[in-house]
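Presented below, as structure tokens, is a lone chain in the form predicted alone.
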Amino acid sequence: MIDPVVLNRLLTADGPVPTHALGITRDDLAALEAAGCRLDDHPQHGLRLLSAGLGCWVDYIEQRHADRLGRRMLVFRETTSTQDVARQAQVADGAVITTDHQTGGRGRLGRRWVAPPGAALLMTAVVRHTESTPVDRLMLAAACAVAEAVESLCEQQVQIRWPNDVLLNGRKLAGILVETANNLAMIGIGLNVSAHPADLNATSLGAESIHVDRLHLLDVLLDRLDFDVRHATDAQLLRCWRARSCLTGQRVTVSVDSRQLTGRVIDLDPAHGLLMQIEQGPITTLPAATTSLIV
């Protein structure tokens, strides 16, 4: 059995931790290694966690998130996509699905999401879907949660590009997909952690010299996501978005309902979408589910 206190100390340490300070036994070490953790055990400097194995993700997250998102974890070595699992498995509000690799990862409007095995945090969080939690609000909450989680782990500000992209230094770091079925919403998040994406418009934490274990990132992200989805007010979410939006005041072209519209981004309505002043036209609200940013 993994000791979550010991694992958390290793995950959050800036460097090697003296073994005596951890109070760790050989059995503890054996349990970590059996779970797939990669460790550097230096006789002088102490113990350093190189990566947390998938075998310890369930115990670690479920014990730390027993009363919120993550109270039930499903972890896969490989699957088509975590969104597919969320649809097919008997999961309820509060469940989180993660995988090391997706063979059929997707984003909004059928776009593909590709990441090498072990290089990204790929997850779906399942929450109750009601009239008070429309898709646009869930998309906003997820974008804010990703931005806040990343910023808490580094000293760089993250940007949000409505409706579903999170950027770092102007390049795409993460994407969000929200789907609904059977009174549940499935919040899919793909966040590039270590690999340098082939797409020149994308980036990863590692490519920006930010090194963090995926399990630690998941732990921090679930705390933010639980708060932003369940407890944050519209005003709080708007403050987060306004401070990070890279579109506000910009002239953009969007595709909505088979039409192209050009105008200036004014603001955001958390429940209904982007507010845009159409050129030679009215102020229009654009829902995330049916709108795609072109320019």
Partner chain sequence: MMDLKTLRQLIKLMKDNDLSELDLRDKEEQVSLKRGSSGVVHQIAPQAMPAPAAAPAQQAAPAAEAPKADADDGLAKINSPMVGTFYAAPSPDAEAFVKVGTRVDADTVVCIVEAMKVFNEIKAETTGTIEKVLVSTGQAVEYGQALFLVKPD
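In this text, the rigid core denotes the largest set of C-alpha atoms whose superposition between the two forms falls within 1.5 Å. Nothing here was measured: the structure is a model prediction, and the numbers come from that model. Numbering follows the first chain given and starts at 1.
One more form of this protein exists, namely the form predicted together with its partner chain; it is left out here, but the text below deals with it.
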| request: Report whether the minimum heavy atom distance between residue 59 and its partner chain in the predicted bound form is within 4.5 Å. | output: yes
| said: Considering non-hydrogen atoms and a 4.5 Å limit, does its partner chain approach residue 75 in the predicted bound form? | reply: yes
| query | With a 4.5 Å heavy atom cut-off, would you call residue 288 a contact of its partner chain in the predicted bound form? | reply | no
| said: Using a 4.5 angstroms cut-off on non-hydrogen atoms, would residue 204 count as touching its partner chain in the predicted bound form? | reply: no
| So which stretch, 214-222, 167-175, 80-88, 137-145, is the one near its partner chain in the predicted bound form (non-hydrogen atoms, 4.5 Å)? | 80-88
| task | Quick one: from 229, 254, 240, 35, grab the residue that has a heavy atom within 4.5 Å of its partner chain in the predicted bound form. | result | 35
| said: Give me the residue from 247, 52, 47, 31 that has a heavy atom within 4.5 Å of its partner chain in the predicted bound form. | reply: 31
| query | Within 1-15, which residues come within 4.5 Å of its partner chain in the predicted bound form, counting heavy atoms only? | reply | 1, 2
| message | After core superposition, I'd like to know whether residue 67 moves between the shown form and the other one (criterion: C-alpha shift of 2 angstroms or more). | response | no
| Core-aligned, is the CA shift for residue 26 between the shown form and the other one 2 angstroms or more? | yes
| note | Cα of residue 28 vs residue 219, shift of 3 Å or more in the predicted bound form, relative to this form: the pair sits farther
| request: With a shift of at least 3 angstroms, figure out whether the C-alpha spacing between residue 31 and residue 67 grows or shrinks in the predicted bound form: closer or farther? | output: farther
